[in-house]
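Here you get one chain, nothing else, as structure tokens; it is the form predicted on its own.
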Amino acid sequence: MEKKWWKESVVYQIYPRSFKDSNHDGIGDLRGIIEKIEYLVWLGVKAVWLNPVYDSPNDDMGYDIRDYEKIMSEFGTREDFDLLLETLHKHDIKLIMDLVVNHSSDEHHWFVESRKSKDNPYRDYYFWKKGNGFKEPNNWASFFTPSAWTYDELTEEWYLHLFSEKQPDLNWDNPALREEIYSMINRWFDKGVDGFRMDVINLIAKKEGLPDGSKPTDGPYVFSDEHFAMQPKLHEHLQEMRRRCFDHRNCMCVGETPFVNTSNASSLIETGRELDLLFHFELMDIDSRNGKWDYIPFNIMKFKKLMNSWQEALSWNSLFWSNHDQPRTVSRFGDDSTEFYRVQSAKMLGVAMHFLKGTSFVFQGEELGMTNYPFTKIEELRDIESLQFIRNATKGDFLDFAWKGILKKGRDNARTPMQWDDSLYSGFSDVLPWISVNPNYSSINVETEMNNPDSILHFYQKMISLKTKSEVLIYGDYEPLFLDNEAFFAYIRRHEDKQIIVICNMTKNHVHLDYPKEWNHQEVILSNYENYDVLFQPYEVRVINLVQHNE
């Protein structure tokens, strides 16, 4: 196993808008992150993934980039960014930037020029097509809007956008565009950044001719991922990017890759080593039936099968429960019905995921057991996806369905301000924040948990320390245990002559587990309970250092 810094690091994801406000405008910023670097050092993380901080009109909270090399004014200046990078590096923490190159903002100068005329040099930086009569060029649906096309009256053509109409897709078939992107990436590397998380990177290649989608649908538009995800040319583009930007650097590139599965994921990170890591969506879809909003209860056996299959499919995985696009971990996969269950299930989930083989990504607030927000009205929402969904659900049963979906899985759940203390606005700001603070901030916050040695925060600090210092938990082989048991997720990690066993009771029941008697006499190196027996307590996790005795 080739050793890399990103294999030995726990990555902490920061959503800058909601992390810490330093200039009293209710919006988190770069100086706010700098103020809290000592907290990251104490926590033990070795890298930070920063959601987009580039200049943006914020139609999709920074994922619509107006200028790839300018800092969003709400977040600060280039000088602030330089200081952040310098301070992180002084504390031996790497910085991973977000790279959004499937699309830009419609306010980016490339697109401003592109829409001026059909013969503009920037026209082919995007997908422009004549209509099919008075209709769109094809029947593709967008992630955020019914149609993936918007008509532009000036040139009387349509442009493609898989997301918001203010996020036109970039045409990667254009070599001039690719050159601009590679140059931009290399300039950020030359400034000292250590890697990139690449937004929906496996969507950058579209099928030639942009044909109609053919999936069954109730309306005029079809979600046509078979024509825009994992297309053959994707590998050409990623291999070229690798050669031009990544190969000669000690960096890390992780791709967000919707629609990837255990059968084709290796083509991205094993066969051609186009990416170092990838974020797949199968776990994020585990509690969905007919799309994201149709929630079904979390199924332990389904989870075990899924995680085991990914551990087997790839030599190295990305390990995460949540991010800025997903609801809060403990509200979704754990149990926040009581304070006791919240604490115990959050600790258990942390170990269950992060002691697997792979690089761990912890989203801000996960280490506190932050929960979903109790939204009650549309005015509280900020996320474009949730707003589009609820506005289309105008009445009756569908409106009730929409609200239930947003409360359970809406993206704003993860974007409420970081809860630092029990003061007004949770210590995030001293003025009204851009989005409401979760009402439970008075009890769930960094200061309170820092003062409680039994808190989720202290547990995460111990867990991260174990993960980053143990050769077994970093590079050890993985073997699942108790595959047919419907209560436990368990596995063993082995490296050379060392073994660590992880046993997680994923239920709120007291459950008996019949395991080898010799395990009872081994050292428990991490647990959320003090007393151990064959009867596991609700959401109990037990990490056992299995010492081999020579005969």
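In case it trips you up, residue 1 is the first one in the sequence shown, and so on. If you're wondering where the values come from, they're calculated on a predicted model, not measured in any experiment.
Keep in mind that the form predicted together with a small molecule is missing from the display, and what follows is about it.
Remark: residue 75 does not count among the residues lining the small molecule in the predicted bound form, judged by a heavy atom distance of 4.5 Å or less. Contact annotation: residue 63 falls within 4.5 Å of the small molecule in the predicted bound form, judged by heavy atom distances. Taking the partner from elsewhere, residue 167 is found to have a heavy atom lying within 4.5 Å of the small molecule in the predicted bound form.
Contact check for residue 449: no non-hydrogen atom falls within 4.5 Å of the small molecule in the predicted bound form. Out of the listed residues 464, 185, 348, 200, 200 is the one that sits within 4.5 Å of the small molecule in the predicted bound form by at least one heavy atom. Checked against the small molecule in the predicted bound form, the residues 237, 292, 304, 408 give one hit for a heavy atom within 4.5 Å, which is 292. Contact check at 4.5 Å (heavy atoms) against the small molecule in the predicted bound form: all three of 281, 324 and 385 pass. Comparing 424-432, 117-125, 227-235, 138-146 against the small molecule in the predicted bound form, the single stretch with non-hydrogen atoms within 4.5 angstroms of it is 138-146.
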